[in-house]
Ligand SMILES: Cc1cc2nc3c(=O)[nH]c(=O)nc-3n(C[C@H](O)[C@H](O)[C@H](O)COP(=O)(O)OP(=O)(O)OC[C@H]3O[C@@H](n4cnc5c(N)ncnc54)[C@H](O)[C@@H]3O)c2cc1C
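Consider the single chain below, provided in structure tokens and representing the form predicted on its own.
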């Protein structure tokens, strides 16, 4: 962490949480993430994987279900700031592992957000990893583009379809290999389009449902370049009967609004997480510049390196300030911030993480290309972020539609 602390107004308890997260990120997450990065996707989720022991240690931090776990005495602004700090510190350790940890018992939290105490109790008793079943194999960001004409195109054929069956629902189709924790989750928040929709993706239903219903199967874990500690994989639905109790919302009057609510929260969270990744790249570059000797002195004493490091520092601080400002506004303003502000968090943070990881590799020189040095992995993790939770260019178009 920086020797100069800009987090003014933190209580001693908040500082203690920050320090605990930082120690956990450094002592547990980074060593385990390095091991997971060199494993096959199947080994990452095997019974003897170090991922599971790290998850057990994460539970001991008392952060399952954050940000509600930060304590009742915090104001909404303080809670939002604390959440930014926690997400940054843990993603500084490893963003793929953090996403996995954050999805543990996420379904009860989502149920509480929708005022469904019955589902809070149902899923709390299951004590399991959750997932967000959003993307589909033949549709990418177009399926979430609620500001664009394609979202309302009745000629589009979704891959995950639902129909009403009396009081219940029948699901068919699949979600794509990009569903985070898709092959290991016990429950899901699932978005599905009605088979008889004449409004494209705009007419659908949202379910909070267990993934042990008859007719649900999984694909194999996805093998990808970055965030290899994060399991991702397909989910298939073959005439799955979903009881009405698991329905959250349905119909074109509310379905696009639920998409916006979901994507707004996801974009702000992505911003909070990838500031941690950007900081990790900067921290490694700064430390290496102080140690690496070229031309008879540490490279940080060369003007070109000093300039590059300051540019990295300035980008990091600017992006962090913007994301925290939006996150606090989202928590304190009635109705939250407009979508374009949330999208700016995701786009700015992920691009900053990618740019700083790229600069870190340049500062490391040839060593930056080697897997024994950490910035190569950070670069791959950051590269994946430009696509996940909405591809950045399309998110920008969606945000522009709201200007």
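Remember, predicted model here, so these are calculated numbers, not experimental data. Residue numbers count along the first chain shown, from 1.
Beyond what is shown, the protein has a form predicted in complex with this ligand; the following relates to that form.
Of the listed positions (107, 193, 273, 227), a single one reaches within 4.5 angstroms of this ligand by any non-hydrogen atom in the predicted complex, namely 227.
Interface residue among 147, 199, 172, 141, judged by heavy atoms within 4.5 Å of this ligand in the predicted complex: 141. In the predicted complex, residue 394 approaches this ligand with a heavy atom inside 4.5 Å. Within 4.5 Å of any heavy atom of this ligand in the predicted complex lies no heavy atom of residue 82. Under a 4.5 angstroms non-hydrogen atom cutoff, this ligand in the predicted complex has residue 384 among its neighbouring residues. Taking non-hydrogen atoms only, residue 178 approaches this ligand to within 4.5 angstroms in the predicted complex. The partner is not drawn, yet in the predicted complex one stretch among 131-139, 206-214, 285-293, 239-247 has residues with heavy atoms inside 4.5 Å of this ligand: 131-139.
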